[in-house]
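First structure 1, then structure 2: two forms of the same chain, each alone, as structure tokens.
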Structure 1
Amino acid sequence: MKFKLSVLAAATAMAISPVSQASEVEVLHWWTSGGEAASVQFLKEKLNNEGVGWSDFAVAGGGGESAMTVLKSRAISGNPPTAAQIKGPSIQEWGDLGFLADINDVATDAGWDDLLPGVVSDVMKFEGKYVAAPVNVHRVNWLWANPEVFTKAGATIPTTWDDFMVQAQKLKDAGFVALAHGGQAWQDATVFEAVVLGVGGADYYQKAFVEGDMDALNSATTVEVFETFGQLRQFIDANSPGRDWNVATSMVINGEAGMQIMGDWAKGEFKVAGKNSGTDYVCVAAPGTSGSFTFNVDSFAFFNQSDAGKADAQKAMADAILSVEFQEVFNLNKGSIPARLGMDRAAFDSCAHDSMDAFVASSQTGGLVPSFAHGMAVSEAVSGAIYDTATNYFNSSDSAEEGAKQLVAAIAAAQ
């Protein structure tokens, strides 16, 4: 983390300022788009029905960078929220600093170890005890496409990166934006991640971008990744800089653009717009990644509370998150799949079924890998190095060799 351990350790000892009444949770998150907001509203209503109030602390920004900045400020001042949207290695970092509350009794009573896949439950624990509750599993490596746009352009939906370039050019020549994209660092990193997986495969991805193996990073494959990534610049529009991800999704929904590379939270936007999978839009694995699955598990980590009423409300929230009802409704709205195993699939669409099947299959073949673009794979320092390198390269005229060299240097310095 970007602040000193000693500062946070001192903050832990500070009295927590009263920000809410007993039996109320104050929740920091960054779910503000249509599908996401509907998901949060359901959890709020479920807790209200159980007598637990909800104080919403939403900080807009799809990648969560702004929310994490606010959380750090609150924590340093000794006034953390009841729960915050945190995931991946960051959960362990907050646990190391002594901020997180033990909710293991809730997890034990409900049998979370049996309800959650090991790849999910391991991330939710600190020193063997649950400190966070997972709400879903996202597949990040999706390509969303508008089939009507493809038909008008005489193009077909690509499954390889070589074919992507051919089909994207057809869309461009027909007057469409080929690739809907928002020029924000986390969106650049999301597309970069899809290219890494599609070009290099899961083994290279794991070695280079999870383990930080310098031999894998300093290879011809990395240069090829940057070459492919750089070719995508020509297929986005001039208004891309600063565009929010859901606005880019709306470009595909309304037929202005043909494709978007984005995690399955994009599906929530199609649902809010009244669109149906398989007809109004198509979901396929990003080029070259059909046998792999980059996962992003959204979760709420719980912060230590000095007030018994707030601690009880916190546990009620944790219990509600893993309920069958919440896992179904939340993920139908969000576009993701349940973190809880054994859920009835009947209410979920074909994209969700594909995601569920891919999650299981890739876990057996080695194709299931954590998303480095969404805080699941590496430390904040390494993630920042990848973000900076990817977005700087994408918004420059640097060569692939220069991009690869900068990435190797940045990751080496951050590890």
Structure 2
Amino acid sequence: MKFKLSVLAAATAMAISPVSQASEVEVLHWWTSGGEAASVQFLKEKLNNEGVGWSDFAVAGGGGESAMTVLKSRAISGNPPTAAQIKGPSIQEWGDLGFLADINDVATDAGWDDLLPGVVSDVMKFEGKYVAAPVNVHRVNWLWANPEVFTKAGATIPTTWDDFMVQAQKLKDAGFVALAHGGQAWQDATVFEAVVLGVGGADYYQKAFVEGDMDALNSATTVEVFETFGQLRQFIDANSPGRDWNVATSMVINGEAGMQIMGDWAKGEFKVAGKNSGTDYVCVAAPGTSGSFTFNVDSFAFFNQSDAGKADAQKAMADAILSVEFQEVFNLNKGSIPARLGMDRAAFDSCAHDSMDAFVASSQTGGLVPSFAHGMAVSEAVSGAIYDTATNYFNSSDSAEEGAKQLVAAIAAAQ
């Protein structure tokens, strides 16, 4: 009897397991903080309603570095998750290694080519086929300012880098921290990126920092960029090294500092603090970059599945990500704008509207460029080299010429 029971149990298990597997996706991501976690929850519920299970595989840690380490070990051991939060050129690297699943039929059915802007869909494709689905578009070149601080100091919000130095000096003289900043490599790189775009313009940015063109990198513009970047050293406070970005944002919120250069995820901090855009805080394009847009697109890449049921669940997930409801809810929580074009914008605030307009406008003028500080433009090796030089220069008293020389050498070595 005992024997029979166990046989029965085994048979049932075999009968059941393909079914339960068929409708489940395992998703690796690092969206664990407040608003982000709520967005992921929404996607989970949406899939549950369609009969697809969700097995959460969250690995905490801001930039997703630990998540990537886990993903690599899972992939090497031949057991990758159904989908993972991967973005930018990394999608191509994973594609090259042969790990990614083709979800082109979902994309064709839903007409992704028409829904997504060209720059975004290019990133999602490997060898012409969709392998990933975008969830949002962040604009990185934002300047967040506290108007009250500016009034007190008798300064105006700057629109060029030259003006920035003048206004920042006024803030500093009035006893404020002019530029709220956290001394972490990626934040240094984020500010550096804004300076590159503001001083050098979109063409230079594209050539030097996306294509890695040595002539552009060796030009006088690079020295000029470092000159401006170096001038910013005097406008941050001594306590900045190691500070997290949201702590820097809170300095702007509580009137300790005048401005911060940070992507649109900073908006979430203002929102949580109960501040209104336009009155309590102002969002403008970083100095000299009003016609440009550095984009940072988050996306889920899909991994090859041996099980047909899992592959179906994967497709259901891809479809859900591009749905109007998900794109709206997710981006309202995250502060970004939807990757999908032509959506109703009533629910979004004025900063998001600016962002949407700039996105469309800059895509026509060539001002739409990928963010190198957020892994959208170049390989991890090259962006790492840029990080190293930017952060080293910003924390030293090296001259602009030295900075430019180090940058060229580091990029050449990493390519």
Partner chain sequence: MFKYLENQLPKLVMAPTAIAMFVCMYGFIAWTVGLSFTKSRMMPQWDFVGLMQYEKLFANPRWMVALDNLWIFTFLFIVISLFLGLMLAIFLDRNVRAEGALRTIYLYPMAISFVVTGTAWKWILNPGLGIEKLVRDLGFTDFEFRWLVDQDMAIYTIVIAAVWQSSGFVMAMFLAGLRGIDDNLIKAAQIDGASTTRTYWHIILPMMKPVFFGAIVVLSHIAIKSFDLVQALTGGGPGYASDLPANFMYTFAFNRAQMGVGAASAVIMLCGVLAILVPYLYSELRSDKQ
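Predicted model, so just to flag it, every value in this text is computed and none were measured. Numbers follow structure 1, counted from its first residue as 1. Just so we're on the same page, rigid core means the largest C-alpha set that superposes within 1.5 Å between forms.
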field: Structure number of the form predicted in complex with its partner chain
entry: 2
statement: Of 137, 314, 267, 383, the residue at the hinge of the rigid-body motion between structure 1 and structure 2 is 137
Estimated from C-alpha overlays, the smaller rigid part's rotation between structure 1 and structure 2 in whole degrees: 15
- prompt: How many Å does the Cα of residue 83 travel between structure 1 and structure 2 when the structures are matched on their rigid core?
  reply: 4.1
query: Where the core is superposed, what shift in Å does the CA of residue 112 undergo between structure 1 and structure 2?
result: 3.3
